[in-house]
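As a starting point, one isolated chain is supplied in C-alpha cells, in the form predicted alone.
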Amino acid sequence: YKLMMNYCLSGHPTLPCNVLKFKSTTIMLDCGLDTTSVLNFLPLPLVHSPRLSKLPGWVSKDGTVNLEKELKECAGRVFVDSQPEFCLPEKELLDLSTIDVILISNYHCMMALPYITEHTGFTGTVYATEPTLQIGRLLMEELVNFMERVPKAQSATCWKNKEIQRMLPGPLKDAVEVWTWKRCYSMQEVNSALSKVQLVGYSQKVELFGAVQVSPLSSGYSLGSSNWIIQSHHEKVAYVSGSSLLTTHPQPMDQSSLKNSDVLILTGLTQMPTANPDGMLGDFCSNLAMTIRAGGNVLVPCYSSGVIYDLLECLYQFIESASLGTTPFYFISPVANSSLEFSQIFAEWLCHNKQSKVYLPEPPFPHAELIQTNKLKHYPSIHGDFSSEFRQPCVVFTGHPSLRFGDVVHFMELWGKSSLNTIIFTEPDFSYLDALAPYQPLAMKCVYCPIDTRLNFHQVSKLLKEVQPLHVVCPEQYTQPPPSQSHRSDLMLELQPPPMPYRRCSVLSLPFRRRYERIHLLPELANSLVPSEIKPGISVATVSAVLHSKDNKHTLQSVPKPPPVPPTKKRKRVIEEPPEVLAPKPLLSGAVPLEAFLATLHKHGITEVKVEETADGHILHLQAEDTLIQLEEDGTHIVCDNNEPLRTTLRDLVLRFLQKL
C-alpha cells in the first residue's frame, strides 16, 4: 500500500500552504503569506511624520535590556522600528526543491510564491488561472512598491532573541515563529517567480508525470479563483480553498465536480462567521453617507482588487438615492489603473449576468461609468496629480488594510485628529483595534464592516452533505468554536467521521490506501488470451507477459520468442539469450465438496476415511492406505509415502471437482 501524506506549512487557515505527496508526485497546494505579523511594526509614513520620528526607544523597567534602536514606544504599546516583515510558510519541514508543482487557488493565496520558488532550488511548474496570475502580480507589485517607496536601512533582529523576546511587553512577547519572518521580496524575484506559472482554464485536465491528473474548478470567490481536483485512476482528492456561494461578480461555484472524493482538504472558510456580507455592505453605505452629509471624509483601507469591485458597485447604486452625486471618490494605489481595467477584460471569468454585458456597449462593472463621469478618480500615489486635484469632503479607497504601509498611513495622520472623519474597515484579515494601535488616541470615528464572502460553517456543512467525501482534512481552528465565542458550537465543523485536523508543521498520513493500478494490455497479447467461464457471466484467462513501466504507465507486452540458434559456430555469449519460457501449468479454481468427494473415494474402494475438521477446512485420514488429504479453501495437499500410483489416482479424483484455466 502506498500512503498519501499531507504536510502543513502554514498555520493560518485562510492563507494556507500544504504539500501533498500522492503516488510519485509532490504537490504544493497554495502558498499564502501571513501578513498579520506586520501589525507588530511601526507604520511607514510617505510624508515625514514628526509624531512617529520622535517616539522614545524601549528600555526594560529594570534597565537591563536596552533596545532603543529597534523598539519604539507608541500609544502605550511597543513596536518594531524597521521595515515590516511577513511570516513565511515553514521551510524546514521538507525539502522544497522536491516539489513538482504548485497549484494556486486564488490571488490572495499566492503572495508567498517568490519565497518558495526563488533560492530554494525549486524547478517545478506553478498552475493558476489567468486572472489569478494577473491580479496576483498586481498585488505583489503593490506590496513591493509600498516597501520600496519608504526604504528603511536597518533590520531589527536583537528583539527576536528568545531570552529578550520573553521580557518584552504585550503582543511582541507572544509573537510566534519570529525567526521565519522576512522582509518583502523584490520586483525581480516577483517576475522570476511568475515566469514559472502555466495558465489553466476551469475543468482543464493537466497530466502530472502520467501518475495523476489535476484540474481547477470555479470556486465563486474571486476572479479566476479555483478549487482543485487531484485524481488518479482509482483515487480522488478535492482541495477546497476560498469558495463562495453568494452571487457576486465571479463565476458561480462548481459543486458537483467535488463529488465522490476519497479525501477533501478544506481551507479558506470565512473569517467572519457571524457577519452577513449583505448586512455589512448596507452598514458600509449608510455610515459613509452619514459622514459625508456631516462634512467629514471617509477612509476605506482595502486591497487593490476583490471586495473593492463590489464596494464600488454598491456605491454606484447608492450614490443617486443618497444624493452623494457631487462627492469625489478616490482610489489610490500603484496598480489602481490596471486593477480597474483588468476587472473589465476577464469576461469569461465573470458571473453570467456580467458576461452578457460584455457583448453590449456597456462595461460589465459600473466603475467604468463612475470613471467616465469623473465621480471615481484613480491615482498611483498621493504625490503628483492627486495633491493638486484633491478636494474634500471625499471618500478614499487605498492600501494597505494593515495601516502599516501604503498611502493609507498619510490619511491616518491627516484625518485622525477630527471627529468628523470616519475610517471604515471592510477587509477581514486584520484586527481593526490592532491596526489602529499606533495611531491612538484617535478622534476619527471607526466603523467595522468586514465583508467576507467565503463559505460559513452552515454553508460548508450543507456542501459536505451533498458532495459526501469519505474523509475531510481541515485546519484545527475549524474543529472547535472560536476562542472569543467558546459557547458557539455552531461555529465549527461537526462531521461523522470527525475531520482530521492539522496545524503548522504537522504531517498527516491520510486514510487512503491505494489498492489498484491500471495496466494496459497490448492488442496482440489480448488477442492471444483464452478466457474460461468460471461462473455465469465471469470469465478468467491466464496471462504470461512482460510488465513494462515508464512514466507511471504500465503495459503488459508479449514475452519475446527466443531467436533460432545458428547451427554452426559455438555460442560465444550465453548471457544474451532471453529466458526460456515454459508453458505455464494450468491454474485450478473451484472447491472440493466434502460429501461428494467421500462418495467418489468410496466408489474407488477407499472406504475407511476418518474426517477431522480444522480451522481452514478438513483433514481426511485414509486409514488403510496410511495417507492424509488436507482440503482447504485455497489448496489441497495429498500426503502419501512411497505410493506413487495411489497419489496419482487421488490427484486425478481431486481434479475432477476443479476447473482448469
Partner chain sequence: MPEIKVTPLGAGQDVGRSCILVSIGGKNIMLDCGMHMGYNDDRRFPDFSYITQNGRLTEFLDCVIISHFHLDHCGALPYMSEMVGYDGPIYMTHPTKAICPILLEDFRKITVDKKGETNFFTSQMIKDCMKKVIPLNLHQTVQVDDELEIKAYYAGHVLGAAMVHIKVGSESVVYTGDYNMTPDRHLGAAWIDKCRPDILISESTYATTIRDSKRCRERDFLKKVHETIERGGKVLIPVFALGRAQELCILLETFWERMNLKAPIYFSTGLTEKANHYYKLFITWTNQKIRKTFVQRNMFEFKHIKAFDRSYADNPGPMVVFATPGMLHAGQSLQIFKKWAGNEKNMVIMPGYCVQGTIGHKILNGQRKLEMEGRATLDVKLQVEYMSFSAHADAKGIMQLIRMAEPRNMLLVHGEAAKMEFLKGKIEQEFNINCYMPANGETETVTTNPSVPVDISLNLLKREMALGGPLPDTKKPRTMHGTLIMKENSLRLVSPEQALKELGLNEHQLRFTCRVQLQDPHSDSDTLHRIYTHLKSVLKGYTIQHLPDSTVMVESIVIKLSSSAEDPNTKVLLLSWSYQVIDLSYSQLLLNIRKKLTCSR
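Being a predicted model, the structure only gives us computed values, none of them experimental. Positions refer to the first chain, counted from 1. Whichever C-alpha set is largest while still superposing within 1.5 Å between the two forms counts as the rigid core.
Keep in mind the form predicted in complex with the partner chain is missing from the figure; the text below concerns it.
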query = Quick one: is Gln204 in contact with the partner chain in the model of the complex, heavy atoms, 4.5 Å cut-off?
reply = yes
ask   = Is Gly590 close enough to the partner chain in the model of the complex to count, meaning some heavy atom within 4.5 Å?
value = yes
request  = Check whether Pro363 has any heavy atom within 4.5 Å of a heavy atom of the partner chain in the model of the complex, and answer yes or no.
outcome  = yes
key: Contact test in the model of the complex: Asn527 vs the partner chain, heavy atoms, 4.5 Å   = yes
note = Answer among 425-433, 166-174, 410-418, 343-351 for heavy atoms within 4.5 Å of the partner chain in the model of the complex: the stretch 343-351
Listed residue that, although the partner chain is not shown, lies within 4.5 Å of it in the model of the complex (heavy atoms), from Ala75, Val150, Met187, Val546 = Val546
key: The single option of Gly325, Pro497, Pro441, Pro523 touching the partner chain in the model of the complex, heavy atom within 4.5 Å   = Pro523
request  = Enumerate the residues of 623-648 that have a non-hydrogen atom within 4.5 Å of the partner chain in the model of the complex, in sequence order, or give none.
outcome  = Asp626, Glu632, Glu633, Asp634, Gly635, Thr636, His637, Ile638, Val639, Cys640, Asp641, Asn642, Glu644, Arg647
Threshold 2 Å Cα movement between this form and the one not shown for Lys417, core superposed = no
task = Take the rigid core as the frame of reference and indicate whether the C-alpha of Thr26 shifts by 2 Å or more between this form and the one not shown.
result = no
Rigid core superposition, Ser49 Cα moves 2 angstroms or more between this form and the one not shown = no
